[in-house]
Structure formats: C-alpha cells, structure tokens
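Presented below, as structure tokens, is a lone chain in the form predicted on its own.
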Amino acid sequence: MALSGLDIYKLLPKTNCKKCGFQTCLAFAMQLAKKAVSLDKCPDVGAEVRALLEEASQPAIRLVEVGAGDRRFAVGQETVLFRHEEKFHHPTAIGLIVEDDVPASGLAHVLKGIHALEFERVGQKIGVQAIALHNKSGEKGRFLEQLKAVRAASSLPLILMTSSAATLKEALAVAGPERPLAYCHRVTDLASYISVCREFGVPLAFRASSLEEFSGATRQAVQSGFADLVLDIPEGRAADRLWQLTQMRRLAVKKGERSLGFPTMVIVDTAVESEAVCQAAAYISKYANILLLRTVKPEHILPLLTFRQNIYTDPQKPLQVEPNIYPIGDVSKDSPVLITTNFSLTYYTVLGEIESSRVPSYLICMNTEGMSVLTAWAAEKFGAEQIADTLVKFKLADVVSHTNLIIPGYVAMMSGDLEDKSGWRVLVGPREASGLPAYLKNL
C-alpha cells in the first residue's frame, strides 16, 4: 500500500542534510509520496528502509504486457480507485472471441469484421486490441490449424483459450515470439499451465470461484516464481461480477493486499447483444482490465471504445491539438477564417462541421492549454488580447487577403474589444458548432 509523506518521513534519517536538494527531510518525503523525485536522491537511507520504500512504491496492480511489437498492450499498474485521485494508466483492452470450430470461410468473415473495428476520434486511433481464440472443439489439431490461420490474417495480440496445457504448449510454439496471453479455465489445472507459461515466458489468465481462491492461487504462483497473472472473474450476475471487481481493486489499493493486486479479465457471454454492451460498459468503468466480447458489429464496439477513451483520458491533462492554422478543403486567400481552442473535442467538432459545409476555410487552433471555449474565456486564455497576439504570431495577414475573423458565438461579448486590439473585422459565428454549415454557406 502506498505510504503517505509523513509515513515516509518517519523512515528517513531526519538529518536535514540537504544532500537531496531539499531544505528538510519532510519536504523530500512529501515529494517522494507524490512520486516527483527518486529515493536515490537520499544517499543516507539504509538498505532495509530502501527495500521497504521500494516495495511500498510499487503499483497496487501489477503491470502485465501482452503481445509484441507495435500492437502489444499493457494492463494493470493502477494505483487509485477513482481517476480524479490521480489517473487511470492503461485502458481496458477489448478483445473479441473467435471459436476454433468455425469453417475457414466463416473465420475469414469474422476476421474481416474485426479488422474493420478501427476508428479515429478526437485525433486518436481507437480499436480492439486482441483476438481470443477459443478451443471450443476440444481438438488440438483443429485449434492449431485455426491459430495458424488467425496469425496469417491478423497482427493483433492473441489470447489462447486452450482446453489443456498440452495444447497450449504446442500453440505457443506456433505463436512464436508474439507473447500471447494464455488462459486456464480451471484453477485445478493452474500448476501445469504455469509450467508451460514459464517455459515460453508468457503471461497467464486463470479463473477461480472466489476472492479467497484467487488469493490462494496467486500466492502459490508468486512463491513458485511466476507473477505475470490475470484474474478472470467467473460468469454470473453482472452485479456479482462488479462486486468482485470492485473488492479486488479496493483490497489491492486501499489495504495493500498483494495477492489480489493483478489485472482482471471479464468474458461477456450474454446472448442478448444490447445487454452485453451495457454490461461491458459497466465492467470498463469498474474495473476490468481485459474485456472479451463476441460481437463484431461496429454499432456495438464503437460506443464501448468511445466510453473507454473518455474514462481513461487523464482528467488533469485534457487531449490537445497542436496550435496552428489548419486549411480545410481547397482554400485560397479569400477563404473565411475561424478560430477555436486547442481542446481536442472542441477542435474536431468544429473541424467536422466545417468539412460538412464544404466551404474551404482556415481554422485557427489557438493554444488554451486544452480548455474549451467558455472555460478558456473564463480563465482569460481566450480573450481579445490573446487572440490578437495569436493572429500576429501565425502571420495571418500573409495567409489571407481579407481581415475578417469569425469567433464562436459564446464569446460574442469580446468582439468590439478584439476589433480594437487586432485591427480585424470580427464576425460572430453560431453558438453551437452544428450551426456552422448554414452560417458559412450564407456568408
């Protein structure tokens, strides 16, 4: 469990020697608690205390990496229950289940659907991150055959849900250095699966029936020298699974229960697709690290990807666009000029509406430290003086032959002041971005 600044201070030499660069040991301890400095800054701390502090500084949830190369993903390393306390570090990895008993034509169709599940939202690429191949047939040969077909068609990381450790061993030989996530259905088979995973250096997900069984199994695994584990919450009512997920996170984060401090996984196998999507959204928020689904419909997956993106955006550091002048369409020196903030959601919303208008335009993306229009205006980062300085900085007079600037309707009150400070003629645009197409067409 993470130590407070005062807890750390009690373990330090308390000499106030200033060797660490701080005036007092207490000041250094407070910075250690915030992870703003390294313990190496203190040359006088003893080995025993150092080991204790390093253990306490480890994330409550262990980091586990799956896959290799550019498509690999990491889960875990979480330190808080609620993102406003700090942030969530690694987004829930969404994977899609593929059965090994489907015919070749059916497999090709499913994989094609999976590959289509890549989207762009507010400047970020979002999509599913894994394919879980399930040994539904129970046949080793069939599973290996389908595994080869999946590998040939997709570069997404794999989750190998085999029916036995023997099948897993041969499947890992086929997978090569791709570092898939192995999966054990029964905790009674865990020892044989761990033996195979240790040999190939891959992580392992396993299912248990209770928190106590998870805790006992992970303790034994860690004692044997294997700790790259993922805990699969067993099937049941959504409320019961959410309770287990929450208790695991709370016990790991608040109580320092290391035996439950591992990433979690949930398999959503509900027959009603709309219900499955609703459950999946709940598991993303509380606190599934890997989520496996069966649907490949974009109308099901895109809302989940969008929801995940919103949950895992750092609340202390909003998504921002590089400040600049962006031409939209086949612009000329006579094209209209609009200005907005560099908050990604605002910028891409405005961008989309300008593109919809099909009126070639310039869009000035002004640096407001990631704030929206009204927030930036209230914080005095999107005022007349700042906008006037931005026009000069970007040399807008050299870009267009006119001096007309369109500002958002929500800040119409600054138009007179902005004209005085900039020398440009200020036009007040619509309050909502959705009004831009009609506005630009009627200029």
Partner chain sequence: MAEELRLVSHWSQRVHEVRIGATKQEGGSRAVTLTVGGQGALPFLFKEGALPHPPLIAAEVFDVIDEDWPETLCRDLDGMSRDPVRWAGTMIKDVQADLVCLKLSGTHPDGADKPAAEACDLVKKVLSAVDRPLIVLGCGDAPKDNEVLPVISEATKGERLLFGDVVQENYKTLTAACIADGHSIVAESPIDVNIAKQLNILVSDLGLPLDRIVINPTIGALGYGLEYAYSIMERARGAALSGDKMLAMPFICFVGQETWRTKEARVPESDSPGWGDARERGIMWEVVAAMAMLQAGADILTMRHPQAIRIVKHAITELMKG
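Since this is a predicted model, take the numbers as computed values, not measurements. Positions refer to the first chain, counted from 1.
The next section is about a form of this same protein that is not shown, the form predicted together with the partner chain.
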item	value
Listed residue that, although the partner chain is not shown, lies within 4.5 Å of it in the model of the complex (heavy atoms), from T313, N342, T79, S164	T313
The partner chain: the contacting residue among E139, E275, E170, E99 in the model of the complex [heavy atom, 4.5 Å]	E275
Partner contact for E432 in the model of the complex: the partner chain, 4.5 angstroms, heavy atom	yes
The partner chain contact in the model of the complex: R237, any heavy atom under 4.5 Å	yes
L190 within 4.5 Å of the partner chain in the model of the complex, heavy atoms	no
4.5 angstroms heavy atom contact with the partner chain in the model of the complex for L111	no
Contact check for E212, T246 and E257 against the partner chain in the model of the complex, heavy atom at 4.5 Å	yes
Which of 324-332, 276-284, 101-109, 220-228 sits within 4.5 Å of the partner chain in the model of the complex, heavy atom basis	276-284
Within 296-310, the residues that have a heavy atom no more than 4.5 Å from the partner chain in the model of the complex	P298, E299, H300, L302, P303, L304, T306, F307, N310
